[in-house]
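Here's a solo chain for you in structure tokens, the form predicted alone.
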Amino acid sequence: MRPVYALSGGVSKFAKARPDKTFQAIVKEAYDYAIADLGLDFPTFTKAVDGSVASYFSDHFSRQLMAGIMAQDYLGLVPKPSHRVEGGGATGGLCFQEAWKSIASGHMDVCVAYGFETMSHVETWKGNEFIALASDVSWDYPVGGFYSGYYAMMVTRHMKEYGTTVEQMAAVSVKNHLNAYHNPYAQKRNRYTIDDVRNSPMVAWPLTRLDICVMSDGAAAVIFASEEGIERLAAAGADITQPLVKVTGIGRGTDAMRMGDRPHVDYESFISDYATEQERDSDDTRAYYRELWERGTRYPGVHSFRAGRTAGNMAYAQAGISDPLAELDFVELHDAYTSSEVQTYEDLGLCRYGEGGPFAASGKAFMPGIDYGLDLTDDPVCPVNPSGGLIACGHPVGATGLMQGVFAVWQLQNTIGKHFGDDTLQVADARRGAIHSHAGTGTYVSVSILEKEGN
């Protein structure tokens, strides 16, 4: 496989509704920004790019089949090759990786990944119904009917297994909303307290409205290139930001659609098949997990996302990462719920299974230099969702994973201040980051590692 570089990106303003533009025009807002950041005009880039990958979750929201080809046409990319990717909430993350494959395989030298969703075209209740169709409509959907109910059930099991508290989950909401306060692309830019989160309207216990992301309109685009593609763009006059940002690892995982079909593996199977390299190498951690299993814990059950663990382990192996907390400078992860961020800390090996709640409230996942109004016991180690995540930025599904990719590229280029007009959210000396995209109740998960070249 050839080296693959993420050169630039663009994000539209995420909003509850964008009545000012069609979905094609919202995509072009992000696409044009990514091109302009390379210092190229539209005709020059159009000549240089080989093709694209399009990302959107649901035909229902746009009420248009083959919406991807309509965006392709609007961007002036026909008759160049393209295909559409769909994988629930992980659609954008899968699109990011499909564009990577186009470059790594040698099929293209310059490829653009773009994604979008215009969820405001339907009422909220109808949008929730469409999203719930990403569960098993013959089994899960009739007895649950909406995703907040599914995630509430999963986190109550996590609470019972590990003692996770609602206050620990609320700390995630406080963190992500205040991060987004400094992000001009974010849909929700507010300061909240733990009490604000817990006193907001209850949706499905223990999840309140401020524990849950919102539906959004928005788009994002990332431009990828091989070494040959970079030479082509440079010859056309592109201003290529140095050092380059390289995609050094990708991973994917899957799980059964029906949560009740997920296994309860024993301790030995967990250690051999799912433990991270760091966990397997630690006598203390193996003893910790043995004690959990002796108390009755099984994995993954409904309290953990083994697709996330599988995706993370695969990406880490390719990127040469053995200690994620120490070796990643930031993570942009799929926090559709505060509970899923807590659970994903564990899946990605930022802490051990069972320690996600304390980790969430410790301060290790927070940004330095921001007063969150919380009594944090630890200094920041690896900021998680410095952008504000889905909870505060918004979740236009087909764009979300690509939005994470754009923000990761900007972090590694040290250009957050340039793009945000405020460098508060710039992770100092960021060398390596991860993006994580999650679908369904953990049925598709993608993890990608990006690094500043020369790391």
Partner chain sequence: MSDARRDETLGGFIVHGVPFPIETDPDALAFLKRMTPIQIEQEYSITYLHSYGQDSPWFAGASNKRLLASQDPESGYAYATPRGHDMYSGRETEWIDITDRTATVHAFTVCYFGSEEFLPDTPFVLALIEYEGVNTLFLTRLIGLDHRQASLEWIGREVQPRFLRNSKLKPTDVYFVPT
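Numbering follows the first chain given and starts at 1. Please read all numbers here as calculations on a predicted model, not as lab measurements.
If you look for the form predicted together with the partner chain, you will not find it shown, but the lines that follow are about it.
Comparing 222-230, 337-345, 78-86, 147-155 against the partner chain in the model of the complex, the single stretch with non-hydrogen atoms within 4.5 angstroms of it is 147-155.
Put simply, of Met202, Ile194, Met314, Ala234 only one has a heavy atom within 4.5 Å of the partner chain in the model of the complex, and it is Met202. This chain is displayed alone, yet in the model of the complex one of Arg198, Arg290, Lys101, Arg258 has a heavy atom within 4.5 Å of the partner chain; that residue is Arg258. Using a 4.5 Å heavy atom cutoff, none of Lys13, Thr44 and Met108 lies near the partner chain in the model of the complex. Remark: Met159 counts among the residues lining the partner chain in the model of the complex, judged by a heavy atom distance of 4.5 Å or less.
The partner chain is not drawn, but in the model of the complex it has no heavy atom within 4.5 Å of Asp378. Put simply, Glu167 is far from the partner chain in the model of the complex: not one heavy atom of it is within 4.5 Å. Put simply, Asp281 is far from the partner chain in the model of the complex: not one heavy atom of it is within 4.5 Å. Contacts between stretch 109-135 and the partner chain, counted in the model of the complex as any heavy atom lying within 4.5 Å, involve His121, Val122, Glu123, Thr124, Trp125, Lys126, Asn128, Glu129, Ala132, listed in sequence order.
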